[in-house]
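Here's a solo chain for you in structure tokens, the form predicted on its own.
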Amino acid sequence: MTSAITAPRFDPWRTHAVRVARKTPEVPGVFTCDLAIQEATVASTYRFAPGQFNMLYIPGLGEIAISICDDPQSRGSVAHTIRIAGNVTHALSELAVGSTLGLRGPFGVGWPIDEYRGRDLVLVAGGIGLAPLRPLICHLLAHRQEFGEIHLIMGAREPSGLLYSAEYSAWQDGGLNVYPTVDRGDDSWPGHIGMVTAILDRLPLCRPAETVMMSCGPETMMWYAAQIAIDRGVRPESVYVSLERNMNCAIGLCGHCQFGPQFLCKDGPIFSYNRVASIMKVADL
């Protein structure tokens, strides 16, 4: 199943010029980069679905797939939250405001949110896995009356690693039940301590058979979260995961992102759990 929130057709090989409009430090080793689209026609027509990604290109270094973390209603620019992990992401972190780079996209299958109006939702994020869920959160806040209970669980190793923490109050005020948790707290941390799966295990689910879970983060976390949700009565076909692999071409030609019979760049990155459960059991695939 795919999202009804879709982008218009585009040339997947065309790279668009974008300018670094703003850079925001988020947590250690992670920053958000707002990219202004330079071509007026592209800027006015660019659309994306929550859960999709772009390919960001730095000449001389290469491209990298980065999830879009922006509000789907934004126009003219698009934000990406980036973890510094290699040559391209390190170079992105050093770009000054005003610098120009390339962008291809959007690519991939988004969260299937329009298929689940009226249902209860559970969103589960680990670390930077909250970034691909943020556009979905923005969409849910804008259409809050169309859904039932919405629970958001997000985890990090320590309080300083919780992504977008300044937005939690607004999400709560907008009608989401927000549960941040950390592996290790400190004297100033008033919230939950423990794994996101522990919160999920005791989360009040009023109607499990009418609940949809969407998760993004480490694969081990998502696997355990899926088991807990299913054990609690959530239908396997109503559990979704966002998977990550090395994506070089973004259209299924290079094969780097192959996951069993699936190509994550074009068949995903969002999958229903029952579609990939048997593959996720294979260690180090």
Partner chain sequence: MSNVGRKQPVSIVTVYKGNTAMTMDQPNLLKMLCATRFAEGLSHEHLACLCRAGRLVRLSPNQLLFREGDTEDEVFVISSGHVRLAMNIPGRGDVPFLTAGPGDLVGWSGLISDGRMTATATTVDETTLIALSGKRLQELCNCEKDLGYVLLRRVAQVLSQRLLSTRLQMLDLFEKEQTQKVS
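Keep in mind that what you see is a predicted model, and the values were worked out from it rather than measured. Residue numbers count along the first chain shown, from 1.
One more form of this protein should be noted, the form predicted in complex with its partner chain, which is absent from this view; the next part is about it.
Could you confirm whether residue 157 comes within 4.5 Å of its partner chain in the model of the complex, counting heavy atoms only? Residue 157 belongs to the contact set for its partner chain.
Does its partner chain get within 4.5 angstroms of any non-hydrogen atom of residue 132 in the model of the complex? Close contact exists here: in the model of the complex, residue 132 approaches its partner chain to within 4.5 Å, heavy atoms only.
Hey, in the model of the complex, is residue 69 touching its partner chain, heavy atoms inside 4.5 Å? Output for residue 69 is no: heavy atoms all beyond 4.5 Å of its partner chain.
Residue-level question: is residue 34 within 4.5 Å of its partner chain in the model of the complex, judged on heavy atoms? No, residue 34 sits far enough from its partner chain in the model of the complex that none of its heavy atoms falls within 4.5 Å.
Contact segment among 136 to 144, 72 to 80, 114 to 122, 184 to 192, judged by heavy atoms lying within 4.5 Å of its partner chain in the model of the complex: Contact criterion met by 184 to 192 only.
Heavy atom within 4.5 Å of its partner chain in the model of the complex - residue from 178, 205, 212, 92: Flagged contact: 178.
Which residues in 117 to 147 have a heavy atom within 4.5 Å of its partner chain in the model of the complex? 126, 127, 128, 129, 132 sit within 4.5 Å of the partner.
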